[in-house]
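Alright, two takes on the same chain below, each alone as structure tokens: structure 1 and structure 2.
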Structure 1
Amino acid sequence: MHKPALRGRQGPWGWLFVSPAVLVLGLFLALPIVMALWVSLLDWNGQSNPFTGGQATFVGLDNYRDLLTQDGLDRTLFATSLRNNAYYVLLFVPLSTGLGLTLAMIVNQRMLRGRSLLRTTFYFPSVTSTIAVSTIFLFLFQGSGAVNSLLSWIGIKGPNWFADPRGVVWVTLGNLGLVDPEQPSGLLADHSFMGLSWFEWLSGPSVAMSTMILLATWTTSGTFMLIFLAALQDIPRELEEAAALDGVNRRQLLRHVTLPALRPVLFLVLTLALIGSWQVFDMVYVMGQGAPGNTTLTPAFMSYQSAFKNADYGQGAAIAFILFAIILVLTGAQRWLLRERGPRQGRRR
């Protein structure tokens, strides 16, 4: 009889205990987001208080129009960064997720010797500084670096990796004699979107960006391996034994037993990979800062460049919020695609 009154008294005490965390989140997370949203509506160079007028001019949605709809250099550069990052996402997310799952299944084998050593070896790149690894990759992939030296042993002349702006799609098709990368056809060259021709949109990641994708996959798959490994060890052995008694092979076991059991963890890994790949910054800053030919430019780096190098904090904040919207939409779409699907109910008569 006294439960409702007891619950009523618990409410204020609950808010009292969580109030420190709510205050910290509001002060250091929610408030800066609101302030950045206001800055994205201003023409502000960072030399005055953006909330008291002065040198900060309210321009409304002009910063967003310049990036999305207004013809000019800003839109072209932003479209280039979106194209580069889109190819980064399309390659990095499946490669890092698939490699992480593969490594986890390897080290999860009970009869495998040296499992602890293998786990440490596979995870080691993930705890290494990205700046240090990026610097090492710069030396390895130089025109006369170790990678090209190894390729020369098998008769392959490697490119100057971080100075090659060519898209790998057209390079591959050109080597096969299917297209001429130097003279694109009229349909691809004459039609454009956001200031870039369809030839540029469909060129694929540059050779330099492909090297960054390789680096990111190598340094991230170890973390995903640990996440998948923890989930694999939680799968009851009875399921695998029952499947073995039914005569299923390894491929069927993976498809019908392992992957369904890993669905929540798979969603987590894909979400982490998706968010991280749209926020890539450190590698770009160390390995080229957009060079060669803006083929490694990303929205995160462009936001930094606009704000802290060009003193256009309004445009930098606008890029950040457009990037936030892209991540939000893609994460929602990913959640919908990986949702649990129950059995369809038949029609009631």
Structure 2
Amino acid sequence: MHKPALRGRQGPWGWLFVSPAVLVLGLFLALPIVMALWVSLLDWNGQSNPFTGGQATFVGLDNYRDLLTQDGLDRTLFATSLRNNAYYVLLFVPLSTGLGLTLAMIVNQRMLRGRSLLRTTFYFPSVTSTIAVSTIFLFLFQGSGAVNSLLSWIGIKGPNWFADPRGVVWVTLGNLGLVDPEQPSGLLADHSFMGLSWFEWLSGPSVAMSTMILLATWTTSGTFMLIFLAALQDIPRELEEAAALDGVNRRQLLRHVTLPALRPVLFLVLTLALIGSWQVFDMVYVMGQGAPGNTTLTPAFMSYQSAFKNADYGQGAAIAFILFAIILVLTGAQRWLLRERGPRQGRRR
């Protein structure tokens, strides 16, 4: 800073160096958001140019109102997609985080042989494309597919996974004879929220959605494993040795040494999982496009569908912004929750 001559020379170079990045990110990330915000206030069918007048009508917040407060098909569909995705989050986030941590602990065992081969094995699904692995899952989970063949060995007749819209909560309770999944009764059927009955809200993910959750867990756990593994290997070994000298057992070591050391990384992984799980798209596109019975419809896919299939770009953009808000709020909430309970307030920023 105290060499003005140098600084004067570097200024133009600095901007020259960042200009391609600024140009591309500005034009294809920042500008689009502003444009979409405008489009979300329009009734526009994708024809002509909405920025120079044309055939688009300004409708204000109508798109948002249809989705959130106005009785009707749009809101019911949107509520369904929110419900589907909420169940996805509820299962995917703990499953993938827990599995990632378990795998990391396994491949971190010093006594285990073949650790690097295992690490490769667990990570491989993460580097392949979602489209390709979805194709594999479509084959494995067909009605008469490999998974059901396996299940039949132990006497279980598996469902027709991708065609089964029943919620797993009602299927389970139905098998126990507690409720009739086909016949919602009294309280649950009579009350509703955002156009969906309580029965529908509480159904759990459909069987079809559950297979997607499995796929996502399978492809993501490897990445999370690596993130956890890096953190595990940063724990000084002396710490474990000192604890061992004090006579702690494995469980105490995990509880009082390992897990506290993993806190920041756990936070990172949970955030990544949460952000990712509101963006499920590729899988939905390949594996069902919302079918069966809209139980695999997610807000991200509905946004795409509204715009590109139904030519209602205003609604599509509005859904995208609601989704954006959900992700922001949940990430913020998670940050706040995890900070409150921590013994160490040391996280910067």
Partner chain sequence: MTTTTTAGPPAPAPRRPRRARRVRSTEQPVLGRSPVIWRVLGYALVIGLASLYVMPFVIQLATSFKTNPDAAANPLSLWPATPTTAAYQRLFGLSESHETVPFLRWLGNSAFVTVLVTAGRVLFDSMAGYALARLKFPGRRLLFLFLLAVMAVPGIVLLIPKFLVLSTFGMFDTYAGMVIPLLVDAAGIFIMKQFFESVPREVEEAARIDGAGVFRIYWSVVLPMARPALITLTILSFQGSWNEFTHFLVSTQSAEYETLTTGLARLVSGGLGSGGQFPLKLAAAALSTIPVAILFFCFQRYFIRGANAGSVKE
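Predicted, not measured: the structure shown is a model, and the values here were computed from it. By rigid core we mean the largest C-alpha set that fits within 1.5 Å across both forms. All residue numbers here follow the sequence of structure 1, with the first residue given the number 1.
Student: Can you tell which of the two structures I gave is the form predicted alone?
Tutor: The form predicted alone is the one given as structure 1; the other form is structure 2.
Student: On a core-based superposition, does residue 329 travel 2 Å or more at its Cα between the two structures?
Tutor: Moves: no, less than 2 Å.
Student: What is the C-alpha shift for residue 17 between the two structures, rigid core superposed, to one decimal in Å?
Tutor: Shift of residue 17 at C-alpha, rigid core superposed: 7.6 Å.
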